[in-house]
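Two forms, one chain: they're shown below as structure tokens, one block per form, named structure 1 and structure 2.
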Structure 1
């Protein structure tokens, strides 16, 4: 009897499938609870006995989220013009229509995460390729420092980082939570591992054919490490989106708040509106789900390929 179709193999696959389904349901349950909780009335949310399905579907939680505070949807300002104004604020060239502040916070968060994702993928791909395929003095020491930086807790560098951001006049600016993510050591390490798999003969033949270094990088290197870029894009987006502590440290004004930070400011000092929190959490989870669905093919391929790199 063929070993692949043996009863023992079928039983093993069946058990593994059941275990994977149970694990998937376990990880999906918090998302289910948040989404359904966003549409529950207060009595269902605060009920001692868990209410697994809303007794009455309501949009009141989202109305509370959108109606508590308003803000211009966007602003176009002159950078560093605050040095010439009495108020100490940049001169506003154009201001968008007034809308619920949650929309402004969502735009800020999406812009922050997307900008950090794009810049990190660019810098990490360049650095990973250079460390993997270029021979220069101090390459081993530089890579060793990057590996050490991966093990360094973020809290250790918060004070120097805050001083640096203040020196660059970026405090309370959305770029203050973007630039610290761009040089992510894990991103450089990941892309170096993928760049190691590029055959040196292909790069050499490209140079013999007269291709410039930039053309070789864009036409040969980038397509070959695309799965790694896709995986890094998801990691960076989620890391930037969920970095609440850095956002809390760097942003202070309502116009620059991210969605998690803005929702936290809507809470009262003595009471917590769980319905509003769940509505905000459901709204925050939506962009992450969309990004994962877009990059899931590269993410899965990147994880499986990265597992065998060395």
Structure 2
């Protein structure tokens, strides 16, 4: 029987592979189009014949993009000093040199993604461990609430969130994007899944040895859930980098934009200059793709752990 089915299976597999490779090329095409488009001269961009490869590689699109807007590279302000100034703005203690706004956006985006990542990892590791291993009252309800909240689209709560952020006087401040990201309960859910696998005996023996709760946590729990923290870190980094909606909602001034938001704004202004658009797309996508490729392994692990039934 095997002799009869084997050539057919082989042929089937061969056809599948061909289709798969074609599909993969289709999935790669937009990315290819961004990268080549970013370096194409205007004539290629506007050509009515297909131009599959730039006739000449030019930096013009990037120059146009960088010259479009400018802002100080960084600013250090005194928090809450706006209550004492006439303009209602914080006193700027130190201002970096004026540079193309895109550089500032890059700095903002990296700061936002890193801050969201660190805060999420810390809070979620604590909470995930408690949910998995501590038998406190009300944890069932709490966990149910977390699962339900994960299904809720952010757009549903956009107005209350905005009101709250303005109440906290964080509107148009990068922290207004960071805090709601940290509040999103996926991290807690993921870390609970990872913490489930810690054997109770080890925790028990550490307790009998007289270690405090915090000591048990730092010396036993954290090392054991390290792969989970890695997965969560890369997950949060990429998600917050690409969370265009929240950025659109919370940030309004040029100097506070993130890279995706800045690019999207340029897209609205210059809907005709496709070369510039591609340069922007390349700038916002490439850093995150590189990060993804480096930490790919953790990422896969994080995705699959989230699916294990809890």
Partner chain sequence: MANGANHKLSRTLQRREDATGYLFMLPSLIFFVGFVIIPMFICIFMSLTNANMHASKEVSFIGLQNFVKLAKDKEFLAALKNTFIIVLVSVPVVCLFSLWVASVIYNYNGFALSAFRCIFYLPVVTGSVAVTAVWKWMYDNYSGIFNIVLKETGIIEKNINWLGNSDYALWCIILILLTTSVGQPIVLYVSALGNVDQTLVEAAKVDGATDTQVFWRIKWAQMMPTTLYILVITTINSFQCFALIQLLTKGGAGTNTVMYYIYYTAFKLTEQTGHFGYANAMGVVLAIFIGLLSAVQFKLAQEK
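None of the values given here were measured: they were computed from a predicted structure. Residue numbers count along the first chain shown, from 1. Here the rigid core means the biggest group of C-alpha atoms that line up within 1.5 Å when the two forms are laid on top of each other.
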Mapping for form predicted together with its partner chain resolves to structure 2
Superposing on the rigid core, is the CA of residue 252 displaced by 2 Å or more between structures 1 and 2? no
Once you line up the core, how about residue 208: does its CA shift reach 2 Å between structures 1 and 2? yes
Answer yes if the Cα of residue 28 shifts by 2 angstroms or more between structures 1 and 2 on a rigid-core superposition, and no otherwise. yes
What does the CA of residue 19 shift by between structures 1 and 2 after fitting on the core? Give it in Å to one decimal. 7.4
